[in-house]
Every structure is written in C-alpha cells, then in structure tokens.
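Here's a solo chain for you in structure tokens, the form predicted alone.
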Amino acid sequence: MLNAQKLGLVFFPAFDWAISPTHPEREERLLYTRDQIVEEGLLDMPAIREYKPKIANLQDLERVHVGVPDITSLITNAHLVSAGGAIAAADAVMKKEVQRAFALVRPPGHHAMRIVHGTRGFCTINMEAIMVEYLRRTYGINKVAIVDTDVHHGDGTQDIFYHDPDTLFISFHQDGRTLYPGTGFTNEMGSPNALGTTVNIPLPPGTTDRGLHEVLDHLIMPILGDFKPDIIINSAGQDNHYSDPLANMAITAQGYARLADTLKADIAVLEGGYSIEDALPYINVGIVLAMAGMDYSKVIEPNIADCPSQTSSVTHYIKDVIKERQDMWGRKEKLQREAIMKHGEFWQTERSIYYDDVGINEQQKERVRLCPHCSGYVTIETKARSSLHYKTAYIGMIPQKACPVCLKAAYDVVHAAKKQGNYQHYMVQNKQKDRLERL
C-alpha cells in the first residue's frame, strides 16, 4: 500500500443510453464533470490514476438480481459497462493499486431492487450491490457498510440487503413524505435476523452543510465505528445540492468534500445529481480532491450566495432525528430478540412497487425464514402488470451462508409452488452455488 496511488477514477458517461433526449439523467452529467477535472489538471496529478471500466457479465448481475422474465431482456450494454465500472474501481482497491476509488458512471442503480421488471427511478440494475457481491465472491469480503448520500432514499439497495446481517446500509435523504420514492423512514430497520443493519435518516427540506455534518459526526461515524466493516462503500448521490432541480436540500460542494474527507469510503460510486452546470463539476472536483487527500478548500460554486441558511426549526428537527436513531441503534439487540419472538419461524410482508419510468405496477409477497443458524432463505411471489404485459414469478433465494435446512427448504417450496402452477416463472437464486436456476 505504501507504493499505491491515493485515488483511482473510472469514467463512463454512457453516450448511447438515455431515457429521453431532455431527461435530467443524461450524459452531460458526466461530461461537464470530466471537463472540469481535466481543466483543473487532476488527471495529471501523481496521486490520481484513471482506469477504464470493465464489462460486467450475466453472472455478476444474477448474483444480485432476478429479472422477470430475465435480466438480459431488461438492460442495455451501457448497464453492463456501468456495473463493470464499479467492479473496476473495486478491483483497483482490492489489488492495492490505489487506496480508494471513485466510479463516475451511469446509468445509476440505487433504486433497482432484487426483483426487476423494468426501470424505476432511472435505475434497472444496482451497481453498488453488484459490486458488493462481486467483492464477496472474488475477495472473500464479509462485513460491508454502504452509506447512501443521495437525496432520494436508496430503496433498491435497502431491499437487496434487508435480510443480510453482514451488510450495514445507512441512508440519509430528504424525508420520504416530501420526495420520491416515499420510503426510508426510521422504522425500516431490516427484517428480524438483520434488524438494526438498515439505518434510515430522513432529513427535512432545507438541510444545509451544518445539518449534514451534525448527522455525520454524531450518528453515522459512531455507527460505522461500532459495526467495524471490512470495507465502506459510498453511494455518492449529489442531488442534495442547493441548486438541484429535483429536490429541496441545501448542501454545497464544500459540504460534499468534507463528507468525503470524514467518511473515508474505500469506494464511491456515482448516483444522482442533476444540477449539471451549477453543481456537479464543483461537487465532483471536491470529492476527488478529498478522496485523494488533497486540499479542497478553494472549491466553491460561483453562485454560492444562492445557498440558503438552515432555519432553527430544521436544526431542532435534525437533532431529534439523531437522538431517535442513536436510541434505536443502542437498543437494536433487544429489538431484534423481540421481533424474532413476535414473528416465530417466518417474517412476511406484502407491498406494491411502482416502476415510474415504464408504468409497471408490481404486487409482491415476501417471506423469510427466521433461521437460528443462518440469515434464512427467502421466497418472493411477484405479479407485475403494465398496459402491455402481465408477468408473474415465484422465486426462492438462498444466502451464501445458508444452513443445510434452509438450502433444502428453499428448493422444496419452489418445487411445491411449481406443482400448483399459479405462476409463469419459477426460479432459485442460489448464492452458495453462485447461479440462478430456472425450474
């Protein structure tokens, strides 16, 4: 590590992928940023090394996702390269070529859930989750912390790791009562066997650098210290900026740079951020400098006077949220025991999921075995309807550390469901064997 450069950068602007020509999620998000980074001469700095993205393969995707009817029919080549960009960043860190890495890639991914019927929140596959499971399979990483700093709650990442006690998912975001996707509340803590490893911090509109760093210093960093992850991942959304057109927060480029400096994530992966000219070039330069251990104090937006001050009511609200989450974190073992006793052998839930980009309504039933020996197998019944299609599937999911009882039971329940014949597709995602099986 003494000979490693401090920061690896991966760029992929996805010239051939767009939801529409005028959609806020477009290639200019990265082009303006790259222009700024080049203009500042950062790629010529000895502490920074640029990497080309790799191309993720089907196995990388199906380690995380189950596409209905299949994942390949729902994605483009750009998705494979975006996920491969995150993997390239992970490889550079794990091979000790750099100390940290930042994958500036698109399409984004943190709204993509385990079951995929299409695109929602601009996301089809989850880049961070694919990278995490790649790290586990390739390098034997165990405990992972993902800190999502996007203004929108990372509901897809939460969904993927909701039953995993070895993955700590922390998301601070604008309160879901005021912004898409309408989730991310403090009572969403993980299912009983993983209760406490999902930490949501909903913040009020108008939160500034002051409020953000209050949360970071007094809540996020102490929780990370308690959890002791092997690696820290930052889902680096940048739409908390005061000029972002899709949200109502008031973070500056300096606030983001200080966040990166304090968090010291091993790998950051770009998520949202749609103030293409006024914010993204400055935010990303600040983050790059901070992750490379360089001075970022002079990175200031030309229109910084437009940033509002934090009101006293917002300050008080944030302090109350911090106290609530500190208390919940301190009581998580007790809350977990109570939840397991309450639910017995199985925890189950039903929910509706809307794919806003493609007009699909999904109804999902999820059931998790609360196994005393492993995190338990999962079954998901999914029915998705659009104006053109009706798709159904019954899926069993086996964790990598599954005990023999859960391994057998997952196959048994899927075979039993297939005999009844109520669904179009029957699949088992077996993480022990690292494959998705169609029955």
Partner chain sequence: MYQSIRNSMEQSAVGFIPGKRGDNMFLGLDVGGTFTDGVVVADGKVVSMVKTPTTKENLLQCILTVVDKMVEDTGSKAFERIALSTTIVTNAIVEGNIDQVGLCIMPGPGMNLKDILPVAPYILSGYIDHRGREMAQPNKEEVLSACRHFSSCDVFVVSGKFAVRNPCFESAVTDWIQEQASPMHISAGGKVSGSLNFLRRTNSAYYNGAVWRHFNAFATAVEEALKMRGIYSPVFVLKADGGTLPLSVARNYPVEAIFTGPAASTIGIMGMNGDAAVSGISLDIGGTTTDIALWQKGRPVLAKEGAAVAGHRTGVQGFRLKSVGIGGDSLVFWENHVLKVGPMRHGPAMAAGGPKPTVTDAMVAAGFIDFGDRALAVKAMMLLALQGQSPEAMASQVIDKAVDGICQAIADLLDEQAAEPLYHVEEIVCETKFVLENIIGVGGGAAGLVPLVAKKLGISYTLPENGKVANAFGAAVARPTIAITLRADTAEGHYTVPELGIKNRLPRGNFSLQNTYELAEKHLAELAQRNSISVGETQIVQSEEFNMVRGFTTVGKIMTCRLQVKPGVLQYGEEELC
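Positions refer to the first chain, counted from 1. Please read these numbers as outputs of a predicted model, since none were measured by experiment.
A second form of this protein, the form predicted together with its partner chain, is not displayed here; the remarks below concern that form.
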| property | result |
| --- | --- |
| Option from 45 to 53, 395 to 403, 61 to 69, 373 to 381 whose residues, in the model of the complex, bring a heavy atom within 4.5 Å of its partner chain | 45 to 53 |
| Non-hydrogen atom contact G196 with its partner chain in the model of the complex at 4.5 angstroms | no |
| E39 within 4.5 Å of its partner chain in the model of the complex, heavy atoms | yes |
| Heavy atom of I223 within 4.5 Å of its partner chain in the model of the complex | no |
| 4.5 Å heavy atom contact, D320 and its partner chain in the model of the complex | no |
| Listed residue (A88, L179, I232, V81) with a non-hydrogen atom within 4.5 angstroms of its partner chain in the model of the complex | V81 |
| Heavy atom within 4.5 Å of its partner chain in the model of the complex - residue from E188, D356, D278, D175 | D278 |
| Whether Y162, F169 and G344 all lie within 4.5 angstroms of its partner chain in the model of the complex by heavy atom | no |
| Residues of stretch 133 to 171 in contact with its partner chain in the model of the complex (4.5 Å, non-hydrogen atom) | none |
